[in-house]
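Here you get one chain, nothing else, as structure tokens; it is the form predicted on its own.
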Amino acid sequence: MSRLARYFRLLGSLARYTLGREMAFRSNFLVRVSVEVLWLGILIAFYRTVFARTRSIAGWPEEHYFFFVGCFFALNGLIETFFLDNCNEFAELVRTGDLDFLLLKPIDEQFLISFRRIDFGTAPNVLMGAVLMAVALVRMGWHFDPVRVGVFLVTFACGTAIAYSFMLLLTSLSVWMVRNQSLMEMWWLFSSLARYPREVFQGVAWAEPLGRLFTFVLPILLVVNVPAGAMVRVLDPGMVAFTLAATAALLWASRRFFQRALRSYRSASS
């Protein structure tokens, strides 16, 4: 069995295990899903109210903006399903010394720490985001373009990888700080920035430097803006290329930093 197939098989086993645990408390699962549906409904109602009074937000017409919201909801759902709980619990593993047991496993540490639990309660967000994007495309009369679809899928994967890289960087700091509550609050700040078009920073003197900072230095604004823009707005090859480069750089940097953090970790037995 190839190394890649082995990891996919392990991911499937982890998924079945966590799904079984989730189904042991079905009521809790249904409540969590209901909350996510309610949250999306409130979000849609809010933006429908806004667009009843304006034609566009930062140059994004209503259908385009709802595609953007659906893209964010789907991407954020992926992050919450696979990574958020695992990264939140990393500090507790360090504090209690339980990280020792994971490091002894004959498998890549980053993979096991990132995917050991899958949160199926937030997985429906991916489907709901996809449905919202599909409805937005139908309403705008979008014509199928295989190039745009391909670029969207690639940049959507890149956006997920960029968000994961930022989360892994923040998580790795727990080795030195032990508690990561403030670090996760910083992640929520980053994710809040990702839910808005980067055009909102344009035209305001003090905000434009922030827009450039979070686009080209800490590229969190690329996460949703580039895939959504490539699908329903202008297909910018330069921004697509920059997104690919930023993704590769952040994945490399976050992995190196994570490995550096593990080398600094002092086990419970030391």
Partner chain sequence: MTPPDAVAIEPLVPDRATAVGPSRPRPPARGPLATSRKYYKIFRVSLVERMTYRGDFLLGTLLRFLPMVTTILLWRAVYIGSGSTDLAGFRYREMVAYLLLTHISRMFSSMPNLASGIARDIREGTLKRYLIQPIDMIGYLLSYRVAHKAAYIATSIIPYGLLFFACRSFFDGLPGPATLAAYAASLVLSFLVGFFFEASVGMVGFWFLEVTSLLYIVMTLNYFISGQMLPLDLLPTPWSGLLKALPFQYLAYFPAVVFLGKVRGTDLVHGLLGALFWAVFFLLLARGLYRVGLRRYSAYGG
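These numbers come from a predicted model, not from an experiment. Residue numbers count along the first chain shown, from 1.
Keep in mind that the form predicted in complex with its partner chain is not shown, yet the notes after this line are about it.
- Residue 242 falls outside the set of residues with a heavy atom inside 4.5 Å of its partner chain in the model of the complex.
- In the model of the complex, its partner chain sits within 4.5 Å of a heavy atom of residue 190.
- Interface residue remark: residue 185 is counted as part of the site for its partner chain in the model of the complex, having a heavy atom within 4.5 Å.
- At the 4.5 Å threshold, heavy atoms of residue 151 stay clear of its partner chain in the model of the complex, well away from it.
- Though its partner chain is absent from this view, in the model of the complex it lies within 4.5 Å of a heavy atom of just one residue from 78, 173, 84, 112, which is 173.
- Although its partner chain is omitted here, in the model of the complex all of 38, 57 and 206 have a heavy atom within 4.5 Å of it.
- Using a 4.5 Å cut-off on any heavy atom, the residues of 193-231 that reach its partner chain in the model of the complex are, in sequence order, 193, 196, 200, 201, 202, 203, 204, 206, 207, 210, 214.
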